[in-house]
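This document opens with one chain alone, in structure tokens, the form predicted on its own.
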């Protein structure tokens, strides 16, 4: 199977949205447009008794077809890397399951294959996870409730850049933060394959204001659309368009 393009929004938040449209509905819209929404809830000890944050993190990722993890600050770095890879494999498995159903003419999934065939398919999933083109838009909640967590977020993004660089497939990523006094989201790093650019955003992230998670997700989704339009205007041939990814 040919490697394809995987598009992900990686939302780093404390799950306390309090303004604008429902982020769960926006995540479902993103999924319908081929963009997976992964959410990492960055919580602290004071939030252990607040289920609202936990529920929202899980609900957004479920609606967005992605992966969610609740993590306390000390474990954030490894969680960012794990969620990104797990979401890639989950998306690829979904595509392969659709192909199996089409070929076999019945509802058959990877889990239902005989052990030997299942092992071969798992190898294909792992290979595609290494070779596919990966586009990750990192959306950082920098609202007041996230203020003391931002140093840990910055370290996690640096480690994510290193792990993406270890893949054989090409990577493109951008980083946005929200909220912003003039715009819903602010671009910190434009789409680039230069992973070292991730380090340049650290001093640019600042916290404050309310938490419009839903509107921010919608703007992040628009960023993928704008990227595709620019590619079309430049006459760039997209070898990934018909892969089903």
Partner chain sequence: MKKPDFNLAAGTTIRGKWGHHVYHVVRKLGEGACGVVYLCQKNGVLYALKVGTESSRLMLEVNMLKKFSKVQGVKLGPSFVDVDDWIVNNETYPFYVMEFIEGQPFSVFLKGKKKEWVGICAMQLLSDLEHLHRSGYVFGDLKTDNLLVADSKVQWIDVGGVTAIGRAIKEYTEFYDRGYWGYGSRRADPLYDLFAVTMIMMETVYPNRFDAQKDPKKTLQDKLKSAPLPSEYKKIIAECWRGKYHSATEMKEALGQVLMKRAQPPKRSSRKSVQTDASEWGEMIGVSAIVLAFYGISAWNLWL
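Positions refer to the first chain, counted from 1. Just so we're clear, the structure is a prediction, and the values are computed from it rather than from any experiment.
The protein also exists as the form predicted in complex with the partner chain; that form is not presented, and the subsequent description refers to it.
- Mapping the unseen interface onto this chain, residue 154 falls outside it, with no heavy atom inside 4.5 Å of the partner chain in the predicted bound form.
- Proximity of residue 144 to the partner chain in the predicted bound form: non-hydrogen atoms within 4.5 Å are absent; the residue sits far from the partner.
- Put simply, residue 69 is close to the partner chain in the predicted bound form: some heavy atom of it is within 4.5 Å.
- Among heavy atoms of residue 148, none comes within 4.5 Å of the partner chain in the predicted bound form.
- In sequence order, 77, 78, 81, 82, 83, 85, 86 are the residues of 75-91 having a heavy atom within 4.5 Å of the partner chain in the predicted bound form; the partner itself is omitted from this view.
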